[in-house]
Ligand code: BDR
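Quick setup: one chain, the form predicted alone, written in C-alpha cells, and binding and motion questions come after.
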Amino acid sequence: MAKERLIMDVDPGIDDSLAILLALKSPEIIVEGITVVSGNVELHQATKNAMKAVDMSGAWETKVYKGMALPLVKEYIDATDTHGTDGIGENYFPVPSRTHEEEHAVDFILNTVRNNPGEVTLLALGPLTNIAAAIEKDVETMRKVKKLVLMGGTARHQGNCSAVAEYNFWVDPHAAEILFSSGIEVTMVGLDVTHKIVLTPNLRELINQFNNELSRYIFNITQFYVDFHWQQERTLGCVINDPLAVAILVNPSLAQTRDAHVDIVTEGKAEGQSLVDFGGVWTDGKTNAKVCMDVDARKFFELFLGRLFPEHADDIELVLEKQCFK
C-alpha cells in the first residue's frame, strides 16, 4: 500500500505537538514538511514548538517552514489561556538546536503540490491562513492536492470560542471561507468527533508510567491542558483534538462522515461558525466537504498509544480494556 505523502500545517499548541508525534511515528505517512501558522501561539513560538515536537519524535530530517503571522482580516487572538504562554504547557523548553527553513510556508506548499500533482495530502490543524494564502496566490495548483483534511469547525456540537464557533475557524474565518469556496473538497474533523477524544487521568498516568523521555514530554505538556479543562468545564483529563485528524488519515474507518455543504460566517455574533448543510439541501445538492460525525474513541487510542509506545503494547491493551469510552 502506498504511503500518504503529507504536508502538516500546524500552530503548536499542545494537541498539535501530539499530532506531529503521531504523524512522524506512523509508517503509513511520509511527512514532506511541516508548515507553521499563528494560532494557539504566535508564529515564532509556534515554530519553535513544532521543531521541539520533531526532535522528540526522532525524525530529525523533517523540515519546518514558517508561514503567516496574522489572520487575513481579523485581529489576531491567541489561545495561550488554553495552551500556556509558550503554547506547550508553560514548560519553557530550551530553544531547539535545529532551525526552520528559509522558504516561506506558502511557497513550500505551492511548490510541493505543483511538482507532485495529485500526490500530496494537506493536513491543516490550525487556522487556515497559510492554506487560504496559497489558494489566493495559485488556486489552480491548490486544486491539484490529493485531498485536504482539517481539524476545525463544528456541525452540531457547541463551539469552544463562542456558542457556535470552533477556535481555528473563529481566529481566521475569512481564511476558512476562502478554502470552502475554492472547489477543493475537504474532510472536516470538527468538535462533533474530537470532543470524544479525551486523554483521561488513567490514560495519562499510563503514559507517565512508561517513564521515558517521550512519555515525560507528553505528560508534562498536557498538565496545563488538564488544568484548563477542569477549570473551564469540570472535565477530568483533556481533549486532544488534532491527533484525531492524523489518525483518520491513517485509518479512515475510525470515523463516520456525511457529505455536506459548509459555509463560514465571517462577521457578527456568529463569527467563525461553520454552517453545515448536510446533503446540500439548500445548495441544490452541491456539497464541498465530508464532515466527521462519529468516531471510535477506543480504536483511536489503540492507534495513538500504540504508535507512540509500541514497546508497551500489552500494557496499553490492558488499560484500554478497563477504560470506559462514550
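The structure presented is a predicted model; accordingly, all values stated were derived computationally and were not measured. Residue numbers here begin at 1 and follow the sequence given.
Not pictured, yet referred to below: the form predicted in complex with beta-D-ribofuranose (BDR).
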When the contact criterion is heavy atoms within 4.5 Å, does residue 35 count as touching beta-D-ribofuranose (BDR) in the predicted bound form? no
Give a yes/no on whether residue 191 approaches beta-D-ribofuranose (BDR) to within 4.5 Å in the predicted bound form, heavy atoms considered. yes
4.5 Å heavy atom contact, residue 168 and beta-D-ribofuranose (BDR) in the predicted bound form: yes
Could you confirm whether residue 160 comes within 4.5 Å of beta-D-ribofuranose (BDR) in the predicted bound form, counting heavy atoms only? yes
In the predicted bound form, segment of 139-147, 207-215, 239-247, 97-105 with a heavy atom within 4.5 Å of beta-D-ribofuranose (BDR): 239-247
Heavy atom within 4.5 Å of beta-D-ribofuranose (BDR) in the predicted bound form: which residues of 277-316 qualify? none
